[in-house]
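Taking the form predicted on its own, here's one chain by itself in structure tokens.
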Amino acid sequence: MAGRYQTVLLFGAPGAGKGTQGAILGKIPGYFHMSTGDMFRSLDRESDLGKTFYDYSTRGELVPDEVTIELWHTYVNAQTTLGLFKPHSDLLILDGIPRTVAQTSLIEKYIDVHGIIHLSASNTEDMVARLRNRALQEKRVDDAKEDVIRNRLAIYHRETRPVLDHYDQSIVHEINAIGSLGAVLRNILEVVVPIQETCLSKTASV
């Protein structure tokens, strides 16, 4: 489909470091990092959409697919209008979407996925500790509760992990999330730099 955003997906369980790595990539010219976590947290809690989101998130559950994609599309359009995201020169780094197999179909008309970075970690307890520490540092007390954290991880393995199987496995790149920040970033760049260069050369030839 023409007009779709050239995209790389950042994928992995909660606590795998998607937000951290995505934020670093977003500071490099030619990459636009869009985190659905930041998008949702910017919502007005008193709006209808905000109330819907917080009702689900406080239970550690996923927001309905149609609501998520509608909000995402509105948010991306706003970033483009503001000149923050330049679709003709930026590679879109999506962090946190699609989260379900249903979302892959809903978002397909908007994005052309060239690669998937799967940040993987085998130790669940490491992820629980990471998520608890992060929530406490950010003063999100509800998100630091162990039952909420374990529910988020369970939902990921049940509903989000299968999203990887929806895509051609040749574009899925497994990267160990447990390691130094620089080492993980280096491994990610080895994947995304060639993708960015290919996308730019295609754009230049049009």
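Numbering starts at 1 and follows the sequence shown. Being a predicted model, the structure only gives us computed values, none of them experimental.
One more form of this protein should be noted, the form predicted together with a small molecule, which is absent from this view; the next part is about it.
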Next on the checklist: Given that the small molecule is not shown alongside this chain, does residue 14 nevertheless sit within 4.5 Å of it in the predicted bound form, heavy atom to heavy atom?
Outcome noted: yes
Next on the checklist: Check residue 104 for me: does it contact the small molecule in the predicted bound form (non-hydrogen atoms, 4.5 angstroms)?
Outcome noted: no
Next on the checklist: How about residue 116 - does it come within 4.5 Å of the small molecule in the predicted bound form, if we only consider non-hydrogen atoms?
Outcome noted: no
Checklist entry - Does at least one non-hydrogen atom of residue 130 fall within 4.5 angstroms of the small molecule in the predicted bound form? => result no
Checklist entry - Counting only non-hydrogen atoms, which stretch in 26-34, 57-65, 172-180, 43-51 is within 4.5 Å of the small molecule in the predicted bound form? => result 57-65
